[in-house]
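Shown here is one chain on its own, the form predicted on its own, set out as structure tokens.
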Amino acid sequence: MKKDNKTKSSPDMRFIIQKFSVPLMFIIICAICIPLSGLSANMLINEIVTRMGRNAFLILSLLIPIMAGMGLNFGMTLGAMAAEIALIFVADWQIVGIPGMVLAAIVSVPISVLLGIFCGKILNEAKGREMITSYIMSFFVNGIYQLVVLYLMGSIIPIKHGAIKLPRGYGIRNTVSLLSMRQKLDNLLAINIGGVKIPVLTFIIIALLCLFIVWFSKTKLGQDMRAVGQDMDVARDAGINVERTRIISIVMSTVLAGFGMIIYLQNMGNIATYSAHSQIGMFCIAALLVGGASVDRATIGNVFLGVILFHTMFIVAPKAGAAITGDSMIGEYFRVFVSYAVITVALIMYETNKRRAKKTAGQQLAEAQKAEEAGAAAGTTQADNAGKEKA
């Protein structure tokens, strides 16, 4: 009995370690780096809370395409670009504070919807290759964004205020100030507990999005997305419009990413016009994977665990690098390397598991066919024997 228990528990432990290998690795990295960084507990908690309020909404926008079986949506960058264009207009119109943020969110929606429909239609032509296609799509749309912001704004698209225009009279400056909006959302209803500032309203908005995702997953459309994510052919046979459902999931993700980018930039207090969106998709996806998500499965819990672990590493790595080597850039290089490494490992594990599942299914089918052939052969033999006995 004891041997049986050991044989049962060892595969379970192996499965748990394999499933949570990335979070466990980050827990170990953080446990090593936190003492070396020399940061106080108060400062570290304050930074983590700030980053959670800044990033959680963006990362939550990735969950709906995963539900629809479209993997990690690198195309969320399109929503971030839509939000930046909206914020540039609002900054030019001199609408400040919370009203400016609300207006930016409203302006970003039609841009996000158009980009989401475009992206969704392209991804429908690249079924099974959605992640790499959305990654390349983000570069393509970034080129259009650069054209609009660098040449069309101020020359064709009216921009009144010279403070955000380049000296030549058209094009937007490298940095657009959002001081009139800086942390307006975070400071509204904020409370201070033991020196840690908690942006209550920001967390309420994030909590509402979490509730929306839970509710949405139980609706007819949410169930359709789950069915499409599990098997497109079966979903199509069940009468679900697969292509339309996939496009809706990308549109929703793009719109939510736009809202998340507005929350992100109001916390930062400025827009790095040509680079703010460039790494946002990569870091959000890396944080989600660090939380224990995979290409085909992610939960709200993965989002918050990922934010805590990934951003703790981001905070302490430069200080720990400086303490170990005397050069803080070592920590900077390390955290960028880890971001790409986590995504690479997740994709390798996904492909490995996919091939393993395919191989197992093939073996099971072969065994079933053998059993069926053996049963047919036994039936034939019995019939022959019965015929001989009668004769």
Partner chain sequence: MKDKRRLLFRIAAIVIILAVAAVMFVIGRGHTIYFDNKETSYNGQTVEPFHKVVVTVGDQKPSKLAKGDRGMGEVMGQKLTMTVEITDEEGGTPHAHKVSMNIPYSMDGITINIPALMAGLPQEAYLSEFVIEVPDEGATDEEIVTDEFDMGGDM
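Just so it is clear, the model here is predicted, and its values are computed rather than measured. Positions refer to the first chain, counted from 1.
The same protein also exists as the form predicted together with its partner chain; that form is not shown, yet it is the one meant from here on.
Enquirer: Does F304 reach its partner chain in the model of the complex, with heavy atoms at most 4.5 Å apart?
Expert: Looking in the model of the complex, residue contacts with its partner chain do not include F304, since no heavy atom lies within 4.5 Å.
Enquirer: Whether C284 contacts its partner chain in the model of the complex should be assessed with a 4.5 Å heavy atom distance threshold; does it?
Expert: So C284 counts as contacting its partner chain.
Enquirer: Look up in the model of the complex whether L150 has a non-hydrogen atom within 4.5 angstroms of its partner chain, and give yes or no.
Expert: Output for L150 is yes: heavy atoms within 4.5 Å of its partner chain.
Enquirer: Taking heavy atoms and a 4.5 Å cut-off, does F314 contact its partner chain in the model of the complex?
Expert: Output for F314 is yes: heavy atoms within 4.5 Å of its partner chain.
Enquirer: Between L208, L166, I117, A238, only one gets a heavy atom within 4.5 angstroms of its partner chain in the model of the complex; which residue is that?
Expert: When its partner chain is considered in the model of the complex, the option within 4.5 Å is L166.
Enquirer: With its partner chain left out of view, choose which of I204, I157, L188, V96 has a non-hydrogen atom within 4.5 angstroms of it in the model of the complex.
Expert: Result of the distance check: V96.
Enquirer: Non-hydrogen atoms within 4.5 angstroms of its partner chain in the model of the complex: do N55, Q146 and S278 all have one?
Expert: Result yes, every residue of the spot touches its partner chain.
Enquirer: Sort through 77-85, 248-256, 168-176, 211-219 and report the only stretch with a non-hydrogen atom within 4.5 Å of its partner chain in the model of the complex.
Expert: Contact criterion met by 168-176 only.
Enquirer: Counting only heavy atoms, which residues in 105-121 are within 4.5 Å of its partner chain in the model of the complex?
Expert: Sequence-ordered list has one entry, I106.
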